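One chain is shown next in structure tokens, namely the form predicted alone.
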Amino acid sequence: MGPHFRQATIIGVGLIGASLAGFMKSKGMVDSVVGVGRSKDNLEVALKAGYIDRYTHDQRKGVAGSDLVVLCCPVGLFESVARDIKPYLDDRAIVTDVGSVKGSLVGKLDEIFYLKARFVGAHPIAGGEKSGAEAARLDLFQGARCIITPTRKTDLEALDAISDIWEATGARVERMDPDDHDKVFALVSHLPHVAAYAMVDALADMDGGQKAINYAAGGFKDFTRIAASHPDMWRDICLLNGPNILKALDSYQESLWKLRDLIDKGDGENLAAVFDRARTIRKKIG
């Protein structure tokens, strides 16, 4: 079941990192796992749960001797982490990531690891608003999509190994150009998160908004659930995929203004038509 590694290092032992490490250990795909992170409490949770075998706060020491390194920290740290760990990597080690931004970031990581380690970009479409090792699940990736973003520089053996890891977890692996990835996920992931954060922020500032929050029920909770996601992670995503997210926000804003205009005019017929079109599309998603 999947490739086998002597030692894997997970940099950022959160929901995704701990779940992946735990799965690989449970299937005998790795002999030992080193966790790297800042929070001792979180690392202790991962250690006690058996997701990792040991941990360190020093990422340089953490990657020494590993033939697989997975970047699971916020995407805004990827470049600096990559430059810091490069001299301490074993030659021909495979480095991959789980970030939801690819684009130019993949190109930068390709350049950093060139002639040292072999980098393969990956993005498992899994997780949720809860974070940390305590939220980890070994079945987290079952049935989820995982996007692999190879480039012309990607080592084919490493590409197959990373694809095999994610297929072993039960994920449906697809390959996509890094720039196309960012355009797609600006629309279906990044925009919804920004919209959810904006909704909660706007309500908090509205007259009577603080009182209204006490009455929030299904609709509001469903729409804003993802606003409970880690703010540092989403700050980095917005900054790194800014141009694509701005285009998505402009289109979304136009749609909101259209609805506002229809409500202002009392145009129930066209308002219902917009809602019906959206309802039909949403039902096809499942």
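Heads up: residue numbers just count along the shown sequence, starting at 1. The structure presented is a predicted model; accordingly, all values stated were derived computationally and were not measured.
The form predicted together with a further copy of the same chain is left out here; the points below concern that form.
- Taking the partner from elsewhere, R137 is found to have every heavy atom lying beyond 4.5 Å of a further copy of the same chain in the predicted bound form.
- Within this chain, D31 is remote from the site of a further copy of the same chain in the predicted bound form, having no heavy atom within 4.5 Å.
- When contacts are judged by a 4.5 Å heavy atom cut-off, D53 does not count as touching a further copy of the same chain in the predicted bound form.
- Heavy atoms of D155 never reach within 4.5 Å of a further copy of the same chain in the predicted bound form, leaving it off the interface.
- Using a 4.5 Å heavy atom cutoff, none of H4, C72 and V81 lies near a further copy of the same chain in the predicted bound form.
- Just one of V173, L77, V200, A168 comes within 4.5 Å of a further copy of the same chain in the predicted bound form, counting any heavy atom, and that one is V200.
- Only one of 43-51, 214-222, 64-72, 23-31 places residue heavy atoms within 4.5 angstroms of a further copy of the same chain in the predicted bound form, namely 214-222.
- Taking a 4.5 Å heavy atom cutoff to a further copy of the same chain in the predicted bound form, the contacting residues in 223-245 are F223, T224, R225, I226, A227, A228, S229, H230, P231, D232, W234, R235, C238, L239, G242, I245.
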